[in-house]
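Next up: just one chain, as structure tokens, the form predicted alone.
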């Protein structure tokens, strides 16, 4: 056990071991606007609430007392309605256990896998320096871009939880959705001026123009088929408790399989529309393309299929010869992971791993592979996943904003006698 883990006390059943802690970044006022989850230090399938990652795109709103909360539903429906939290909780409920992953999680690995000689390997173990970003600016002054900061918070932006709420489809059907409906625009209370630095950092340069929509509310336009999926819910509970404010209380949207930017927090309005709305965070940001000038840019929705090797990792070297349990997690944006393969020779050969059973298709699965290594030396360990749709990792191509990374990252391990 490393000295950095020692805490000198019994902590929740584990002697002399620190509890896993978030790695936060704060704005100029000291508020946490982003926090990485210590995924390597956690066991089980559900991420503790206090260890779940945090990302905000705009200014976090002030808390709303549950007794004072309501949201409006209107648009291409027969009956516009206003729901209080208590009224929403009277509807037939649904529990969904799912992984939520920021679209920018592991973004720096895109460049690392393309050119390992000029790009240092990102680490989930390293606590990055805190940094601030603008959220509401009344001048035309552009923030100073620091290329070395690109991808600095690229890892640990993924968690898994249990969410309780009501299917969005239940609310929509009760309101009488018209045949003209094409999309569901969900708006949050959070507002602000989108920070161009987020795009500059994701792309890795600032020599392009970023659309400035002014001060807006955060919103997303969900296609009807995903909105009507029974697992797409309006949630008020997270991991057995009422939602915390930082995670979207009193009510947030849960969109299993799709990146976290679709999981709108602090819901304020739901509008049923006869067209796909021009939402900033799916028209200008969180889009795929070859470059900022690509005329064929498309909004990004479902995540790929992905594995995370938890042991052994590079920083565990050197390890001893003998038997080791290679283990990790895997998840997919399109359903259940059905197969994991492991390679201990850099991809020259592959073997099937043990996959633990899970009844929750949107949750990640635990997997393991027993590795007996007799010869000292350098080994490159790889893992790849296959989901129920037959998609084999990786699925997502390099894109200029470096979103939805699901590449196969080697663990370079040294074995000693």
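Residue numbers count along the first chain shown, from 1. Predicted, not measured: the structure shown is a model, and the values here were computed from it.
Heads up, the form predicted in complex with a small molecule isn't pictured, but that's what we're talking about next.
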{"query": "Candidate site 55, 218 and 252: all three near the small molecule in the model of the complex by heavy atom within 4.5 Å", "finding": "yes"}
{"query": "Single option in 190, 195, 106, 231 placed near the small molecule in the model of the complex, where near means a heavy atom within 4.5 Å", "finding": "190"}
{"query": "Contact residue in the model of the complex, chosen from 247, 94, 324, 310 - any heavy atom within 4.5 Å of the small molecule", "finding": "247"}
{"query": "Partner proximity in the model of the complex: residue 102 to the small molecule, non-hydrogen atom cutoff 4.5 Å", "finding": "yes"}
{"query": "Heavy atom of residue 331 within 4.5 Å of the small molecule in the model of the complex", "finding": "no"}
{"query": "Any non-hydrogen atom of residue 264 within 4.5 angstroms of the small molecule in the model of the complex", "finding": "yes"}
{"query": "Contact test in the model of the complex: residue 260 vs the small molecule, heavy atoms, 4.5 Å", "finding": "yes"}
{"query": "In the model of the complex, segment of 47 to 55, 386 to 394, 369 to 377, 349 to 357 with a heavy atom within 4.5 Å of the small molecule", "finding": "47 to 55"}
